[in-house]
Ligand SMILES: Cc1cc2nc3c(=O)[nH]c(=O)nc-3n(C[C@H](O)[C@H](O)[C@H](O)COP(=O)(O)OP(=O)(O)OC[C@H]3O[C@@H](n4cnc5c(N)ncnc54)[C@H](O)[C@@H]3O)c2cc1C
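Presented as structure tokens, the chain that follows is alone, the form predicted alone.
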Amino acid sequence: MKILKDAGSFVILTPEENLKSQLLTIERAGRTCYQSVAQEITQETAEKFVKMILKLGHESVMEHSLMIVQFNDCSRGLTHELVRHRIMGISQESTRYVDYAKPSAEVDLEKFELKCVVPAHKNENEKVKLADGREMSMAEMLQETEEFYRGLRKAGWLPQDARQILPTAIKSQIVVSANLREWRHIFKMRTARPAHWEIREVMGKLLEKVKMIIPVVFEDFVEAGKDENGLKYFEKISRS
């Protein structure tokens, strides 16, 4: 069993220059509504236009865009929350077809390790008392789950059947494609203080990254503080 305590990582698959140039498309699309294209559309005019429409709350024009992000080493719990957002394309690691006993070219039912994400603010080695009198740590519980999976596979169960024993903590990978309006909604929901610690930390870091690339789109999301575990949370403020 391999324990992952660091928050999952991400890779923005859409090139930065592409993200910036999409602002020009947004301006052209928005000006079509009022037939107001009176000058050359440039990066500077596009940023001013985006700033204006977001201040007015006219976010539908932001749908003429696309940002693709790959999330790595996150839990199945995080991906369950992420796929609840509707307006997106999703490609997710399959627990039916991924054989967790096949870390290399051949299946090895003796040596494979499951990877699981645990809270960084908790001690996964702390013992807790169970109803049957045993005392176990979270790390030991996950280790036992690995043995359950190993046992099912040795008994001839296929990965798609043995997966039923896998925990929410199991490591997962997912690629998400969404327009910038939807990403704004995701950040509003998933970086706020009530959001789950794992998705909040990952999305907070992604938010900070895209604010550097196309700040005009996300400048109204600001760090609002830290929770009891020292993790940042954000809030959306009114645009000036």
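Each residue number is its position in the shown sequence, starting from 1. Because the structure is predicted, anything quoted here is derived from the model rather than measured.
Missing here is the form predicted in complex with the named molecule; even so, the following discussion is about that form.
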query: Contacting member of Ile41, Leu66, Ile214, Ala195, with respect to the named molecule in the predicted bound form [4.5 Å, heavy atom]; finding: Ala195
query: Listed residue that, although the named molecule is not shown, lies within 4.5 Å of it in the predicted bound form (heavy atoms), from Lys154, Arg86, Lys122, Lys111; finding: Arg86
query: Interface stretch in the predicted bound form with the named molecule - options 51-59, 27-35, 66-74, 183-191, non-hydrogen atom within 4.5 Å; finding: 183-191
